[in-house]
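One chain follows as structure tokens, the form predicted on its own.
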Amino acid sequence: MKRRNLLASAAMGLMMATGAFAQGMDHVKACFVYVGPIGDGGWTFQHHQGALAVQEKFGDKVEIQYQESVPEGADAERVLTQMALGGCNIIFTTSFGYMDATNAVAAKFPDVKFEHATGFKRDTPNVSTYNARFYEGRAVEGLIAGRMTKSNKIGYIGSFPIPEVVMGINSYYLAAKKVNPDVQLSVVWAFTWFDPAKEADAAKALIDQGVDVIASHTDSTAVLAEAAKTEGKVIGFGQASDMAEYKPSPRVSSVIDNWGPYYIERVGALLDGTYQQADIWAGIKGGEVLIGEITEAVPPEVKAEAEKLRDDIAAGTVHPFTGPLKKQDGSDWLADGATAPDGDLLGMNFFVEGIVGDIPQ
């Protein structure tokens, strides 16, 4: 009962401060919930770089708080509640699995702003969602993979079978297949965002199958570390961050998640009183997805081709999902020249034709 009273009192106090958000604020406490450690070298590291960019931009007008390695479940709801009670004005929840917890806690604290990364639920007006079109970067990786594989066997390590990951796998494969019709894709599911041992085991499994180019959607540098042991026989890509320590090979390029500008924009909107609920899905054009340096390990003609694809995607003249395309079961998906609607991508639960293996249920 005491806990319920405490929550009610805190929520009432926050409701009394409504006018402050409409008029702008002198000081903002911006809080971040991370699914992994900030030293993971990938996903969480890059979100934390965004948080640090906010601090650098606004100085003593902003206080930053964060909590690392928060499991996606009941623990997340507890952490979010503590942050709201602790005076956070805006809370960024940086993993898909925080979606339900974010919306549940947001309903109890209507004047705290909640921003959920990669999710789609906005049950209350104080919840916004933001995402990046990672699949655009996967297409650039796929082109490089298709051109550079010697075995015609490329690999992909998936974290969890959610649409964000599935669309990345499909984009990677389609771009590789377009430049190399003989390419075959093997997918290994790690069922984790961050577990270097599992990620390394997944990379080993692909290498044992003869795969010589590996992309991944997990959070650590373990995949590149495993590729490095092959002494140049296997290459890969930085994931979420540049992972530059593995240049020039095995890391031949990277897909970089550039969260800083978005975090600065949203915190700045609280400070100046222009904050509104939003649903953002930006990509290469908007600068939220960056393609890291393509190293000299990539032949000049392949580098030029990859950079052109990057630029064409940014210009809107190329879409990674352009028909004619069929689903894995042979049914029609996109007609000749048609591009995938965002709704199809955001709910993607199928592989495209040519990928072997099922999506785990």
Partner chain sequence: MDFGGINPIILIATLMASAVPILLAALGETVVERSGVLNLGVEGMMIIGALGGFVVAVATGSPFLGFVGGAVAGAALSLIFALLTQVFLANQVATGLALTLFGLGVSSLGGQGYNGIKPPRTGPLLPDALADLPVVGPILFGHDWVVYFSIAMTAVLWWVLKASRVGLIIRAVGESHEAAHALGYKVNRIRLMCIAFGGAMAGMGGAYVSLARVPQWVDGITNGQGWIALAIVVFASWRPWRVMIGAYLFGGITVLQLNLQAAGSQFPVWLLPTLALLALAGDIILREINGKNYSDLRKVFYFFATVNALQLLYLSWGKWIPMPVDYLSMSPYLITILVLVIMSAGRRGTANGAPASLGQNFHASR
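Residue numbers count along the first chain shown, from 1. Note that the coordinates shown come from a computational prediction; the quantities given were computed from them, not determined experimentally.
FYI, the form predicted in complex with the partner chain isn't displayed, but the following is about it.
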property: Selected contact from Ala106, Val234, Val166, Val188, since only one has a non-hydrogen atom within 4.5 angstroms of the partner chain in the predicted complex; result: Val188
property: The single option of Lys198, Lys177, Arg122, Arg147 touching the partner chain in the predicted complex, heavy atom within 4.5 Å; result: Lys198
property: Contact test in the predicted complex: Glu226 vs the partner chain, heavy atoms, 4.5 Å; result: yes
property: The partner chain contact in the predicted complex: Thr221, any heavy atom under 4.5 Å; result: yes
property: Contact flag, Gln209 vs the partner chain in the predicted complex, heavy atom cut 4.5 Å; result: yes
property: Proximity of Tyr246 to the partner chain in the predicted complex, heavy atoms at 4.5 Å; result: yes
property: Complete contact of Ser151, Val302 and Ala306 with the partner chain in the predicted complex (any heavy atom, 4.5 Å); result: no
property: Partner-proximal stretch of 39-47, 52-60, 330-338, 24-32 relative to the partner chain in the predicted complex, 4.5 angstroms, heavy atom; result: 39-47
